[in-house]
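First, one chain by itself: the form predicted on its own, in structure tokens.
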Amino acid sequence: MKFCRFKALDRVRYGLVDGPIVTELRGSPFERYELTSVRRPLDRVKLLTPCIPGTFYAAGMNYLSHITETAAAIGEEVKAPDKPDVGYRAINALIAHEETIVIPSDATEEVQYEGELVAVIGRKTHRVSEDEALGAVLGYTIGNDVSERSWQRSDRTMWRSKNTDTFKPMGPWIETKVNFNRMVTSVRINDELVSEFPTANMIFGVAAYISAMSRYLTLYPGDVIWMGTDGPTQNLKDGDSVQVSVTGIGALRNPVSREEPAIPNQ
């Protein structure tokens, strides 16, 4: 099933996507819901981020080749994590499918995409084993962890580099049934393929992250865990269109725009 969150006629609702049609839900996929008789064409609704997470988690350095390339770029030794490494992101940075990534005027040219699988928590979860962990997941969506690399190097907490407004596109919906073994994550800029990797080639998978995290903290319905990216990344520029696709889920597309520099007072 594909759950979406959408706006139509100035109302925000959850829906069930079936091909070109969205059937409106009464309630929420994170609680109790039922299908209504209201059906709308998918191309006539405004898709929103599929959820607003209470807490927004991110896997740190979870693909080996990405770790290797990052270490080479900054002249450091390759150090793969020996356990799941958990970070946080800010919900102010979230935008939906087809909304615009806005690069601040004072950012450098090093603003880059990171295509990621996103696990969406479906039930309250604390202290679960790896065998039990995937039972906590409602489904999966797609994220683009846009990052300003010069700020990432200079700001200890990555507060700007990862959390600037519009830097976290997520969507277009939540898919409840996936096959990890067949998943491929790909990124296209202006329809040109620039990155592609097997999604499951993680150092630590979704179950390992949920189990490790839930030992110390409680996960709640609607929380999200972005699972990291692989391979090299390239710069985004004004006028680009970036698309992140994950097999079995769909495609997340966003245009890119750079702010005009502020005009100083005369």
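The model shown is predicted, which means the values in this text are computed figures rather than measured ones. Quick note: we count residues from 1 along the sequence shown, nothing fancier.
Only in words, not in the display: the form predicted in complex with a further copy of the same chain, which the text now covers.
Non-hydrogen atom within 4.5 angstroms of a further copy of the same chain in the model of the complex for each of Tyr57, Trp151 and Leu217: Yes.
Partner contact for Ala90 in the model of the complex: a further copy of the same chain, 4.5 angstroms, heavy atom: Yes, Ala90 lies within 4.5 Å of a further copy of the same chain in the model of the complex.
Does Glu192 make contact with a further copy of the same chain in the model of the complex, using a 4.5 Å heavy atom cut-off? No - in the model of the complex, heavy atoms of Glu192 and a further copy of the same chain never come within 4.5 Å of each other.
Tell me, yes or no, whether Ala212 is in contact with a further copy of the same chain in the model of the complex, where a contact means a heavy atom of each within 4.5 Å. Within the cut-off, so yes.
Since only the chain is shown here, I'm wondering whether Ser186 would be in contact with a further copy of the same chain in the model of the complex (any heavy atom pair within 4.5 Å). Close contact is absent here: in the model of the complex, Ser186 is far from a further copy of the same chain, nothing within 4.5 Å, heavy atoms only.
Quick one: which of 91-99, 108-116, 129-137, 175-183 gets within 4.5 Å of a further copy of the same chain in the model of the complex, going by heavy atoms? Looking at the other structure, the answer is 91-99.
Enumerate the residues of 246-261 that have a non-hydrogen atom within 4.5 Å of a further copy of the same chain in the model of the complex, in sequence order, or give none. Contacts from 246-261: just Glu259.
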